[in-house]
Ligand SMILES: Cc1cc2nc3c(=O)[nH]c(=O)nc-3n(C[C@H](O)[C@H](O)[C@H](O)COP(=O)(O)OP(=O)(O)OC[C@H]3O[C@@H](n4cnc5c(N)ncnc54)[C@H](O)[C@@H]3O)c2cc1C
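Quick setup: one chain, the form predicted alone, written in structure tokens, and binding and motion questions come after.
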């Protein structure tokens, strides 16, 4: 019998492309001059272009592939701010007030995206059902509880603890040791959200140039020249919003982000009673492992979407699908035997501080290193960059003065990634989990 995750009928394009295939936009003639050149047509680039175009600025958005071909149409669609480093680690690094500011900005980004979707009328299956942060160990549950007491008081955090004895009311598994329920978090169909942003940016007057890779960026007088295989464009301002696809055109920025693949599978359509038993309140889920796994119900069909980092190095989704299937059925044994219809990957980017980064280097604006919070953070930060170009007064963020670091001899090639994944896997394996 064929393994469900090795079925030859599996599609290796994102499930999200079924409802939102990558748009076949015409490749436009490039203008000789633009006020702002945006490199990257994901959430950050389009949010930036939308605000600028509506303010009357001439904007050209470049992408090497179809618009939104990267992580913006591949991610799980989770809207939240689940930071890789713990609250205590951030306090130890930045102090309490800066850490509170980071958490407040995480909430601001979530609220911004939900408001944007509603105000723009973007049909992308917004579900404001909250998030479960699932405790991998009893100690993790206790830590989440202690942190919540502080965050409620200092940040107005809207969350509750769900003890293990009540966990089945929220998630159909005994694998975890309780959870923190964050009420503000939400979910979308990420590719439809991207399509909505794209449509509105184009309607506002932004020029989007797909299949037009930027091959060089040079300073000229008080501005820049953007080189492409289809010609040059002079620009007063440049915004780099390439995240996990940042390349050699911006080497100084490339060596400040850690690009790595995330891997996802989608099950076949399941009976509604199975979905209700596994995730009755349709909340997005992420756990507290070092190697985080994300869980959600597809918004348009009764399918489970499950993703994480199961491999040491970048590889083919054909190889990671069985590994993800094993992890999924370990958590949800009731899914053993269900079919897999889609398996795919996409690149995300982390900074060395494990926080999104926004700023200006070599005269160019950038929004990079989503660090796992891209749907919310990068949409919001792209809008902040536009505000800075426009001279608005609503652009300050908690990330502004956090150093955008690199490491000696690092040039963007994450040759050490397998060692990091191996170490994280060891830490997860050695975490204290009582016998069932």
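The shown structure was predicted, so the numbers you read here are calculated from the model rather than taken from an experiment. Positions refer to the first chain, counted from 1.
Keep in mind the form predicted in complex with this ligand is missing from the figure; the text below concerns it.
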{"item": "Contact check for 51, 112 and 397 against this ligand in the model of the complex, heavy atom at 4.5 Å", "value": "no"}
{"item": "Candidate from 195, 320, 72, 267 lying within 4.5 Å of this ligand in the model of the complex - any heavy atom", "value": "72"}
{"item": "In the model of the complex, the residue from 292, 126, 253, 348 that sits within 4.5 Å of this ligand by heavy atoms", "value": "348"}
{"item": "Heavy atom of residue 383 within 4.5 Å of this ligand in the model of the complex", "value": "no"}
{"item": "Partner contact for residue 249 in the model of the complex: this ligand, 4.5 angstroms, heavy atom", "value": "yes"}
{"item": "Touches this ligand in the model of the complex: residue 39 (any heavy atom, 4.5 Å)", "value": "yes"}
{"item": "Touches this ligand in the model of the complex: residue 404 (any heavy atom, 4.5 Å)", "value": "no"}
{"item": "Residue stretch of 23-31, 371-379, 385-393, 406-414 approaching this ligand in the model of the complex, non-hydrogen atom distance within 4.5 Å", "value": "371-379"}
{"item": "Heavy atom within 4.5 Å of this ligand in the model of the complex - qualifying residues of 245-275", "value": "245, 249, 262, 263, 264"}
